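One chain follows as structure tokens, the form predicted on its own.
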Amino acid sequence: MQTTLAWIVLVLPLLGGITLVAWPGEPPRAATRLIGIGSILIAFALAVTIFVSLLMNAPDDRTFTSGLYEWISIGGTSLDLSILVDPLSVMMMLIITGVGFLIHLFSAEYMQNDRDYRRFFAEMNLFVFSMLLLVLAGNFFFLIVGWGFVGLASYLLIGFWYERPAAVAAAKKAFVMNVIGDAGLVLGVLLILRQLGTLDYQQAFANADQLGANSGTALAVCLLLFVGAAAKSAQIPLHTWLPDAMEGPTPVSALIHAATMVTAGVYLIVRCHALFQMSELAGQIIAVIGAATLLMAATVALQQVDIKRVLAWSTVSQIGYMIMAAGLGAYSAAMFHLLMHAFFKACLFLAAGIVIHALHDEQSLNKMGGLKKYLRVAYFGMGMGCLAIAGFPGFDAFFSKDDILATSLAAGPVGVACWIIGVVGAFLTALYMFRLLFRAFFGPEPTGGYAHAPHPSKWWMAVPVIILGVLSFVGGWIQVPFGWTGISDWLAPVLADVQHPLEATNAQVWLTIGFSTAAALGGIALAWWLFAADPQRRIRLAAVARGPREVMREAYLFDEAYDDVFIEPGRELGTVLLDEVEPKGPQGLITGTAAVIRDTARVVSASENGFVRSYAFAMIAGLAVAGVILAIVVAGVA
């Protein structure tokens, strides 16, 4: 039953998208909502049914596979069109369809005045289908197919407003960055096929030791897979696409960059943990990259004035926590934070969407202030999301982020270094998120006030924000205390083969709680002092550390560096090839050959004068020359 329902869950969003695309003419908006939102709601209900059915089974009896037919068989390796239903894939299904449904519901009002209403929901459904294919795939081949479809769907959604040059550029940038990751993923999978002789998950993971513990092959496999994960999850150095992707509609930002696409890299590492365990060095490299990303992105978020870009850099930072945890081997902690992040980050994006919608597409914090009295639902959602992401006691990240940090302390010297960076990141997270909250909802209104009083949202937009706001508080309580209930137990069957599971001691747990709570409260207090207690204070302090702050505002000049190292040399090379090499090389050969033939034709055509005596003379002369040649040849043979 579980696999049958999983097939239906997978197909429903695809059918919804195809129905909307194939609808003759423009369907009524009510029909578009019914199909686009209804298909995701039914998929979520079925995913809940699968979850309950697995919960009723014994932990060792929660893994099911189903193959429709053998797709291809080459050299003894067969590829089945198959899915894998286990606690990990079901958890991802619930996130994709549950949070996805709330975002679809929000979109019903947010996109109401857009001319391409049908296209929007069709592309959203395509994206949900692609993510479900990625997480339900039973082998690496269909993982790659889902991976590619996700890249395509994100390209379409980021560039949804294709009449805007910035949106088109952002879509192309996201596509190119993800293709780089796709290349790494494909090469890693081909290396797995070569070494292990299979692309089936269960067979590959069972034979992972054939890679050789800490061997060069194991390191290569892990790092190639991580290239794919880093691109999808926006980790250094493939992170620059995600902030630009905010050019898409806000619901797209919530769906792609909060709950689904950017977490695909974390899912990949956890799914392939049996392979990543074969290389301790690869895990350390991944953890260090995650830690560096979380710290870098947190400092950049401090200097952004676009409300969506603050949240975008926040996403990069929070995914850094998950990648760091997965690299260290704290797989359940990484997935726990992934779930909590889906709740509070979707809540934050949708609350920001209410603000943007109410202010007629205004996104600059410099043109906001005092919104608390106008937008109560947005204030509630933003407040709950900020408390959750900051790790305020009792809220989501207080449990999930502390779970990561406490477990990091049990991972040796690299883990301790990551713990220090994580605590600093917790302070910065509280600072930049409450900077956003105080600047947008507190303090005076912009100079001259608002041209039109910000209008509150209708229930389509309000209900998802309220639900996600509540989940931002209650979600973390499924895992209290750390380690013996909730996500850890649920994922235990998937992670049963972890060779050296990390377990934090009580001292490490309480040390982490103390430091992370102090960091969160300190960040909130500093944000209040800078941006709420005296709104003019930030202006008076504008000259402090102007240089470093400018570097942070420009995101450490990664884009500029890529332009200098890759883009401009590529353009210059293209110019040289076009202007110098092409005319004198391939094109020169063609034009030269044509010139020789043309000149020869002119010479030959000059002899065609139309006189019979000239043609007869030419024939006699030719026969004479042929005779001389023949005589010479015969004499030589004799």
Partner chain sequence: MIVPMSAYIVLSIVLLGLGMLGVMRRRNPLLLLLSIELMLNAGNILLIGFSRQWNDPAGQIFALVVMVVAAAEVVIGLGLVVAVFRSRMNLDVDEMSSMKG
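Source: prediction; values computed, not measured. Whichever C-alpha set is largest while still superposing within 1.5 Å between the two forms counts as the rigid core. Residue numbers count along the first chain shown, from 1.
Below: the form predicted in complex with the partner chain, not depicted.
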In the predicted bound form, T593 touching the partner chain (heavy atom, 4.5 Å): no
Can you work out whether R571 and the partner chain are in contact in the predicted bound form, taking contact to mean some heavy atom pair no more than 4.5 Å apart? no
Could you tell me if V603 has a non-hydrogen atom within 4.5 Å of the partner chain in the predicted bound form? no
So, in the predicted bound form, is E608 in contact with the partner chain at a 4.5 angstroms heavy atom limit? yes
Pick the stretch from 611 to 619, 626 to 634, 6 to 14, 20 to 28 whose residues have a heavy atom within 4.5 Å of the partner chain in the predicted bound form. 611 to 619
Can you tell me which bits of 286 to 310 touch the partner chain in the predicted bound form, meaning any heavy atom within 4.5 Å? none
With both forms fitted on the core, give yes or no for whether the Cα of Y615 moves by 2 angstroms or more between this form and the one not shown. yes
Look at A22 and decide if its Cα position differs by 2 Å or more between this form and the one not shown after superposing on the rigid core. no
